[in-house]
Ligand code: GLP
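Coming up is one lone chain in structure tokens, specifically the form predicted alone.
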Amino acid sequence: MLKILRAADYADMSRKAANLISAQIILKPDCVLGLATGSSPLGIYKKLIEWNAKGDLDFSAVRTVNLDEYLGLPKCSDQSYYYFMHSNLFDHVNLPAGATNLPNGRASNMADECARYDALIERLGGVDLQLLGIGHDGHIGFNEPCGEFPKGTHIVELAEETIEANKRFFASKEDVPRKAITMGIGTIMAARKVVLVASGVDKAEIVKKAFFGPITPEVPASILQLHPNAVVVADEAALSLV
């Protein structure tokens, strides 16, 4: 069942979503968290770091799996998602060595890497809580609009809209990678709980399409309407059309 939590603004959205993740860790200290990158979760990660520093939240038994990674970027690149996660969360909480996992965007055989990542998630027992943002075209992870819902980890050609949206993080549009490796929709839907965050008036149209429109792979996030335990945490601006 899809639930919608209304937040006043970005800070309130971040706090509400961080509360859901915190509750998951407290209820199951050795949980598997599925994590996301981009600007939407930054406020959430700041809250989790703050609570961990105060001693209110313990990451010592948590394991993490990230949604996606660009193809071709070295880990040391400040635009890689490996770098992003370490800078914005992993290096600031008490996660043990080896507890964090991201797909390898520089693997020599990408088909093998996709299979490895799916097997890793299965070996961990699946994802307990998956955090998501939503792209302007409805993508979750890097699952772009297409004719079907991809099941497992796979390689995607990034849509022009996604490249356009991400160019602000790079020196130029030409520097944005054209491909990424991402968890599939099937893996996301297998998570026991999903928390999707959306903020800002620029997300209002896609929030309306994804969660109040038809379920279609042309709007990948719309599949979450069928998830048994999904929560959308969105601020007033993102919910302004519903």
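Heads up: residue numbers just count along the shown sequence, starting at 1. From a predicted model like this one, the values you see are computed outputs, not experimental measurements.
What comes next is about the form predicted in complex with the named molecule, which is not displayed.
- For the candidate set Gly186, Pro217, Gly200, Gly38, a heavy atom within 4.5 Å of the named molecule in the model of the complex is found for exactly one residue, namely Gly38.
- Just one of Ser80, Asn166, Thr100, Asn88 comes within 4.5 Å of the named molecule in the model of the complex, counting any heavy atom, and that one is Asn166.
- The stretch that touches the named molecule in the model of the complex, counting heavy atoms within 4.5 Å, is 136-144, out of 101-109, 136-144, 118-126, 71-79.
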